[in-house]
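One chain follows as structure tokens, the form predicted alone.
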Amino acid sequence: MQAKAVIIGSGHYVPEPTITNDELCDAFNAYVTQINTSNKAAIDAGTMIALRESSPEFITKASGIQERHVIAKEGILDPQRMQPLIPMRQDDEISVQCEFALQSAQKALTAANCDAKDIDLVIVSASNLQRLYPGIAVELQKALGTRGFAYDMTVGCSSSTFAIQVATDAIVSGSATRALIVNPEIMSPQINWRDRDSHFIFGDASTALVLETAQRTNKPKSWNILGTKLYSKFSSTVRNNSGYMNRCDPQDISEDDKLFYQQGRKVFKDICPLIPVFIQEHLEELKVPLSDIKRFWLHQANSNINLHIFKRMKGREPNPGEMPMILNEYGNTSSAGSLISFDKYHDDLPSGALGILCSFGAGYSAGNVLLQRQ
């Protein structure tokens, strides 16, 4: 099978501060106590439902997450605030998201043994963008000193795999020769840290890949992109209504729907059947047996979802190393999750080994990439 393009370097970055489940629950439960105490009369009268406390055991069972990295910790754990404190910067300063993206971009360039000036396409693809314009990717292009062109895109948790296909298509068509994809997922500002069902889900991280034309590469650590497949179907089960039009309705500007919210049970019921079929259909199109896949780097949303997807495909539990999960340490890092898993767990595979990189999430959207070790 002819390679369409090649991944020649990868990198990931997480900020140093971490929040454990114990720390998170201490702050959340302090908030719950404050609210229930101040509304005791209404709760006793039955006109208000008391808030429920959270626990580390509940979080681990529901998600597999034990801690997460965040860009700013203190404000999140303050029961009076419960959101990160990230000061705004002046227009002549590098933006927070661009600075964040730089960390993983530089690691990927180093891994690829590639100079920034050799990059002629930069794509910043993430669930959330700090601003509408100028593009974060264009700012990153300037900060790195790359040439060519750059732009932003966003497809929720599938932003990384969608960007891989877009960059691959650009390379195949000849509009780019070497591309840098960066996924700076600063997720902590979009979390409702006061919502028991979702306050534990996300962490902050950034990932990056360097791609180039297959004809130029003979590096032993490279990965051939043998095929890509994308899918989308509109659903409101995972949503965030924050946007530039919010200020037009002052009464609605601070409502909880301007943060992440979801119908968790419905997401589980929808995604678990969809993704195994999606992966298997792609492999059938490429005439690759499922049994030939040695590793699955799946979107790191929820350990229960990933295990369910794997069992539906293979009819068994994954063998050690077959489907690496990084949720316990990083949490859900949106589109960065599957690439963190790839970056950490690919060097041990031999030449010729096949792997699946798959992401899925809000939209619904899903992206699948078949990779082969050179």
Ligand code: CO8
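Don't overthink the numbering: it's just position in the shown sequence, from 1. Source: prediction; values computed, not measured.
Absent from the display: the form predicted together with ligand CO8. The rest refers to it.
The putative spot formed by 31, 128 and 193 is not touched by ligand CO8 in the predicted complex; no residue has a non-hydrogen atom within 4.5 angstroms of it. The closest non-hydrogen atom of residue 365 lies within 4.5 Å of ligand CO8 in the predicted complex. Not displayed here, ligand CO8 is approached by residue 267 to within 4.5 Å at the level of heavy atoms in the predicted complex.
For the chain shown alone, residue 361 is a contact residue for ligand CO8 in the predicted complex, at least one non-hydrogen atom being within 4.5 angstroms. At a distance threshold of 4.5 angstroms between non-hydrogen atoms, residue 121 is out of contact with ligand CO8 in the predicted complex.
Note on the partner interface in the predicted complex: the residue among 202, 162, 297, 223 having a heavy atom within 4.5 angstroms of ligand CO8 is 202.
For the options 112, 150, 238, 279, the residue carrying a heavy atom within 4.5 angstroms of ligand CO8 in the predicted complex is 238. Contact with ligand CO8 in the predicted complex, judged as any non-hydrogen atom within 4.5 angstroms, is confined among 315-323, 48-56, 32-40, 338-346 to 48-56. Contacts between stretch 143-176 and ligand CO8, counted in the predicted complex as any heavy atom lying within 4.5 Å, involve 157 alone.
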